[in-house]
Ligand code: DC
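Take a look at this single chain, the form predicted on its own, given in structure tokens.
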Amino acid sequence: MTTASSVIITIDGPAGTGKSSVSHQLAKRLGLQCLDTGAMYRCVTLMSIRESIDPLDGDALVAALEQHSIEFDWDVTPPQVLLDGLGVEDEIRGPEVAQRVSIVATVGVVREAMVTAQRRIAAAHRGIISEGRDQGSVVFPDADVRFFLIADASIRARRRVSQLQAQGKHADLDTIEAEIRSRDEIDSGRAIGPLVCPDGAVEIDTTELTLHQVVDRLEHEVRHRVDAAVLASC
């Protein structure tokens, strides 16, 4: 998957373990680009909502994908996902998309399309950090470094509630925790690209760690495993 002059780092794990925040900070430290693959699935989910497509109708979802474009604006930090050239961050982070995205992500043909797209994006960059659910296990099994983040569901729920409250939104802790546990079950139990810790991946429990501490751990592992000259060339 990689060449002597490119670097791919994967960060997988369940919802709320801090993957996105950690990935962005690590990318900044290492001078790499950051790919939020979850945002791609959220865009597909948003399309299904807008066009009233059954979230399990793979043929209809793929047909819709062929009529729309999912891209990233790499000129901003962190990169922002674009649906048909327009920013949709607020919409894809809303509750309607959040409740449906794990269902859409179980559809095999959708996952195949996303894997192809993610590999194409990585091939266009000298160095990338790709975060999601199956990046180290399916999409980039030969990545230079693969990480798997975990954390207690109760802690993840508290983090999510804090994020929502910071945005001025109401959030019920018990409801959020129930949603997180349900999403874990769906993500881990799907037949294609399930959420698993890849063999050989570095597993890090973020339950008792600050964001800074997690990024420090990941940066140490990357610099230990990837030649400094290769990183500098990215």
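For every residue, the number given is its place in the sequence shown, counted from 1. Being a predicted model, the structure only gives us computed values, none of them experimental.
The form predicted in complex with this ligand exists for this protein as well; it is not shown, and the discussion that follows is about that form.
For this ligand in the predicted complex, the listed stretch (119-127, 80-88, 99-107, 150-158) containing residues with heavy atoms inside 4.5 Å is 99-107. Taking non-hydrogen atoms only, G38 approaches this ligand to within 4.5 angstroms in the predicted complex.
Proximity of R146 to this ligand in the predicted complex: non-hydrogen atoms within 4.5 Å are absent; the residue sits far from the partner.
Though the partner is left out of this view, R190 does reach within 4.5 Å of this ligand in the predicted complex, counting heavy atoms only. Shown without its partner, the chain has E131, G132, R133, D134, Q135 in segment 124-143 as residues with a non-hydrogen atom within 4.5 angstroms of this ligand in the predicted complex.
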